[in-house]
Every structure is written in C-alpha cells, then in structure tokens.
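Starting off, we have a lone chain in the form predicted on its own, written out as structure tokens.
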C-alpha cells in the first residue's frame, strides 16, 4: 500500500464542500476513477482520530502531478481535513480499490450519484471526455450545499441536480426525455451507466435499471459503493457487502462493483 505525503497547493470552499488540490505525482499517475485514498485526518503528533478516512479521488492530472479531492465534512476526521490550508502536508495511503471499467464501445455515458462517493463520478467524467465520450451527470443531496458545481465537469457532460434528498435520484432516472416516449428514459438512452451510491439505494437503483432496459447485460451498470473503509486491505471486515458470490469487502474487492452482482 503506497504511503504518500503530498502537499496542498490549492484550496477552495464550494458550499459545504472543500476542494483540495494536492501535489502528488505518484498518485496522479496511478489513480483511476472509482479509487480512493486513505487519509490520516489528525495532526502528525496526535493519535486521535485513529482511523483513516477513505476519500474518493475527484480528479488527477498525471502531467502536472496533481490530484483533486472534494471533501464533505460529515464527521470530525473529514472536518479536520477540510480545515487544512495551502502548504500543509497530508498523510495518505493509496490509491486503493478496484476502479470503474469503461466499455470501449461506450459513446453515451450516464452518471448518477449521491453522497461522499460522488466525486468519483467527476473523475470518471474527466477520463471519459478524454476518450471522446459524452454524457450526463445526475446528482442528488439533501442540501444544495453538498452538490458539486457544474464547472467541475468537462463540457462534454450535461449536469442535472436535485436537493430533494438522495432518493430523488430515482425520480431523475425515470423521467423520459422531452418529446419522447416513456421508454426513452436516461437509462434506455445510455450505452453504460455508472453510479455512486450508499448501500440503502442499491435495491431501488437495480429495480430502476431493470425496468428501464429491455435487456440488462453484465458490464452495463457499475456502482461505487459508499461507506466507511478504515483499513483498505479487507482485514478489519467492517465494510462487508453481500454479493451473488457471497460476502465481499468494499475496500479491497470494490469499491466498484457490477450492479448485477449486488442486485437481489
């Protein structure tokens, strides 16, 4: 597990979120959309909080040697990270986990997500646009202050958001395109879909995909599953998730899974 000490070179407040750009050449070269870094969210001389926080990479520029993190202060560890200023050197492990897989045939990509894994979709949009892929991102939150702004997306991607709660994501996915039939929903239009979700939304999302497609093949819908991943190597067993192949760890076997493997 690579141990890095990148320095913060840019910091911006975006609503309730904090955007941090780090000079981290090794991570920038290795990181793929859907992966995360494990951050020590405490001063170097402290042991509190002891557990590292999993922060999804929101972007990477291998040529400049930089990575972007978009941090939500949802607990005291992440709140500490949000308060760090330009020039501070962080303690990171990573990148970790299995990333998204884009099908070479994909030309229309649908991204939809909510929560602290949502930055992974911003990174994916960046990499997809570089391959000539266009698409749309649907994002939902309980408060607009926790929604990423549109300028973080490449111009090849449209952006629609809702501040009516995470569950409103399902309503956005079910709305047909203007002037088209009920069968021409975003799910039917997409060549591939990538989600960022918490476990409690997996069942309803799988149902939406199943109802929106005549045929749902493996490799069509992937999901990065949000949640705590303290160790990053699967040894603590605190991030277990049920799949068709039995229990798997989000941190090591994921955090990206084929949604069919999780659908009941």
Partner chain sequence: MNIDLVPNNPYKLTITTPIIAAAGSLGYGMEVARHMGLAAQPATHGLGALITRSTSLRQHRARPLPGIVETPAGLLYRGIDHNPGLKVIRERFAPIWATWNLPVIVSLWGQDYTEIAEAAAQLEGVEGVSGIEIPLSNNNAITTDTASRLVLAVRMATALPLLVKLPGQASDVPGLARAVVEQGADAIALIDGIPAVAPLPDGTLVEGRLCGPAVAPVALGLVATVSDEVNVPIIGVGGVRTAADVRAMFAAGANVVGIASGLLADLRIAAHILEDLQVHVW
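Positions refer to the first chain, counted from 1. None of these values were measured; they are calculated from a predicted model.
Although not depicted, the form predicted in complex with its partner chain is the subject of the following passage.
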{"property": "Proximity to its partner chain in the predicted bound form (heavy atom, within 4.5 Å), stretch among 48 to 56, 64 to 72, 213 to 221, 26 to 34", "result": "48 to 56"}
{"property": "Contact flag, residue 204 vs its partner chain in the predicted bound form, heavy atom cut 4.5 Å", "result": "no"}
{"property": "Residue contact check: residue 107 to its partner chain in the predicted bound form, 4.5 Å heavy atom", "result": "no"}
{"property": "Proximity of residue 82 to its partner chain in the predicted bound form, heavy atoms at 4.5 Å", "result": "no"}
{"property": "Contact of residue 209 with its partner chain in the predicted bound form (heavy atom, 4.5 Å)", "result": "no"}
{"property": "Interface residues of 216 to 239 toward its partner chain, as seen in the predicted bound form [heavy atoms, 4.5 Å]", "result": "228, 230, 231, 233, 234, 235, 236, 237, 238"}
